[in-house]
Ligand code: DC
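Take a look at this single chain in structure tokens; it is the form predicted alone.
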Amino acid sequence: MTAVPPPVITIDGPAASGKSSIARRVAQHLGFTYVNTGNMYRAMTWAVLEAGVDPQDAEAIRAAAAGITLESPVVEGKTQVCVCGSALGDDELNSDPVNRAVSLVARVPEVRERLVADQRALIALGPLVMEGRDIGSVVFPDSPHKIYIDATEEVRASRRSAQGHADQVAERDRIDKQRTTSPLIVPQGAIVIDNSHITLDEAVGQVLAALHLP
């Protein structure tokens, strides 16, 4: 008999929609491993910038990325991101230079193909709550547990400003939606939850109710 793969809950959505906070809480509630795939792209972006690469130069990104090693060890129920053996923290992953460049690095097809393969391999960890921008559409399109978290542009911009970040969510959305490889879309079969004006507890409750898991 073919082994049944562990469940993967996919949570997608645009920048600052609240999907990370929601996904983390859902994973804690279910006892699943939480995977923030955005941090994998941020780690790659950080490494590319550290190498002195222009984020507008796709060919240079492609060449630099080939020599960058990423690992995703699990610490306290969630994956961390290590670049060439060194763990990155919030200061590196959420710096303004990374915020401004991450969509540019993430749109390079070879970067996405490599990280999608890395994300799929994480199924070996067991049941997952994986959030990002193409999880239900590309990484695990056959998952029966798909959620899309949305919020208005005004609310998302306000959240980013409150976090002290200067990136423009509208521009990041435009790049992510228009890229040719794995664009940001509502995955087929996903349940859409508007997180503009509800509390975190309410959003988590709606996700758990929509999943119909034991």
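Bear in mind that the values here come from a model prediction, so they are computed numbers and not experimental data. Numbering starts at 1 and runs along the sequence shown.
This protein has a second form, the form predicted together with the named molecule, left out of what is shown; the following refers to that one.
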remark   = Per contact check vs the named molecule in the model of the complex (non-hydrogen atom within 4.5 angstroms), the hit among 61-69, 176-184, 46-54, 147-155 is 176-184
key: Residue contact check: Ser103 to the named molecule in the model of the complex, 4.5 Å heavy atom   = yes
query = Using heavy atoms and a 4.5 Å limit, would one call Val129 a contact residue for the named molecule in the model of the complex?
reply = no
ask   = With the cut-off set at 4.5 Å between non-hydrogen atoms, does Arg112 touch the named molecule in the model of the complex?
value = yes
key: Residue contact check: Tyr41 to the named molecule in the model of the complex, 4.5 Å heavy atom   = yes
